[in-house]
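Just the one chain here, laid out as structure tokens, in the form predicted on its own.
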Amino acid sequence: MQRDGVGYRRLPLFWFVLTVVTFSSLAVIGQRLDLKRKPDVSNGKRVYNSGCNTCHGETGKGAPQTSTVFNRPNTFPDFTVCSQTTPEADMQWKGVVVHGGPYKGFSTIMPTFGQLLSENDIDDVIAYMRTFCDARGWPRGELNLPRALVTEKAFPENELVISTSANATGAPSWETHAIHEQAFGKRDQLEVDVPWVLQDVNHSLESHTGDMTIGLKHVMFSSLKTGSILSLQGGVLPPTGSTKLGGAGTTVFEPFAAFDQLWRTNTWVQFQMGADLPVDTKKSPQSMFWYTALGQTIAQDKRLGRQWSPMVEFLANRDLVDGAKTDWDVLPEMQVTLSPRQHIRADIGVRTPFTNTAGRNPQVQFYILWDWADGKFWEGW
């Protein structure tokens, strides 16, 4: 039965409402991330003051250099600086405490405590060290889920990502994005995305820079207890690209919401939904997108070591015009941490259309990611 244009416009709204209700329910009923044993902060303080404060100081800012016998490396932590400590997950800290600084590519002055302290003592001292950041409202690093190839995560990051997609079949085509993300304040992030496109046009390779994106993300809600985080982002795409090679030819506004849910089993789901709203709809139609990434992180050495994150993305795009159909793609992929510090990661997958496949080719997609807040690219190996 032929549906009218109003009906087509209501379909994305239906998906939006359904998804928000679904994921809001998951956040409510989701398995809490609380540990089976609640850390004893008072015991953690005792453990800290019996040894850790010799180097890290009573307040976590570091002992006076006149009282220490080592040269302080540039990675020496100040546990009172929330912007440095909250993005790190407890398991990152635990790896350093158990195996020493070199385990995560840090200095050898940090000794191993895995044979000296019980697991409960280590959990307790980490819980105590968390109290040195006394400001509330910072999203915790446990909610910084593995980045998918397409679906944007909700956590604000300090990353440089080089992402490439290439046609696996058909005419040669490559699209590379240089993405810079910088967190600021407790809950905000600035993002700049500069694409470069190389396409086969009538058996001749042509290239252009594409339409760049400038975006501002704000975390609306985050909870370590429920494992949930919700962000909103507003982006603008000035028409910097060639319309001949896919540029919109008009300024486009791109608002979206991103919601991530983590469970205690290290299983997680990420959801992103938004729209592309061009100023001149005669040059480029309005469209909507809704993406989902479902995955599981598996880490070696009792979750302290290298992380492997197999995941699958389900990607939908639809122009908001009469008669338009929804393009659905599936994208299985694998992300892995490359450096022991886990600040260098790579992801590879194959994106395959499974509806409206005419003119849409399977693509190999890949990225390499550098979390530059955790150190220089060549450090931490």
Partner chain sequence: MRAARLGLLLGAMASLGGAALLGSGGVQAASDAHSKPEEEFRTSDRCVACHNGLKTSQGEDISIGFQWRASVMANAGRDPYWQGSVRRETIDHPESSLEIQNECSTCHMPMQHLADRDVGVKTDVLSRLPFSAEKDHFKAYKDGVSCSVCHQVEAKGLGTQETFNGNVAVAAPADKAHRQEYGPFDVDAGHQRVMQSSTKGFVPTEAAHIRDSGLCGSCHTLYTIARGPGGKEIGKLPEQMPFLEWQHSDYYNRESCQSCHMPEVTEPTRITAVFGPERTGMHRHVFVGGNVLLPQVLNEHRDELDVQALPEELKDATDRTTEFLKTRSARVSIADVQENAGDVQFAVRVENLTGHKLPTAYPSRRAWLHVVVRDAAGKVVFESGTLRPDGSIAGNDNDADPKRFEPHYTEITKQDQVQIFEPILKDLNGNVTTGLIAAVGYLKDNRILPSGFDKKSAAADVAVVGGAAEDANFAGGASLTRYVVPAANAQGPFRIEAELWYQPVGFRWAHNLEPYQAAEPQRWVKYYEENAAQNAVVLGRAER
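Since we're looking at a predicted model, the values are computed, not measured. Residue numbers count along the first chain shown, from 1.
Heads up, the form predicted in complex with the partner chain isn't pictured, but that's what we're talking about next.
Heavy atoms within 4.5 Å of the partner chain in the predicted bound form map, among the stretches 241-249, 87-95, 138-146, 114-122, onto 114-122 alone. Contact check for 51, 54 and 71: all three have a heavy atom within 4.5 Å of the partner chain in the predicted bound form. Contact between residue 109 and the partner chain in the predicted bound form is found at the 4.5 Å heavy atom cutoff. Mapping the unseen interface onto this chain, residue 42 falls outside it, with no heavy atom inside 4.5 Å of the partner chain in the predicted bound form. For residue 47, a non-hydrogen atom is located within 4.5 Å of the partner chain in the predicted bound form, even though that partner is not displayed.
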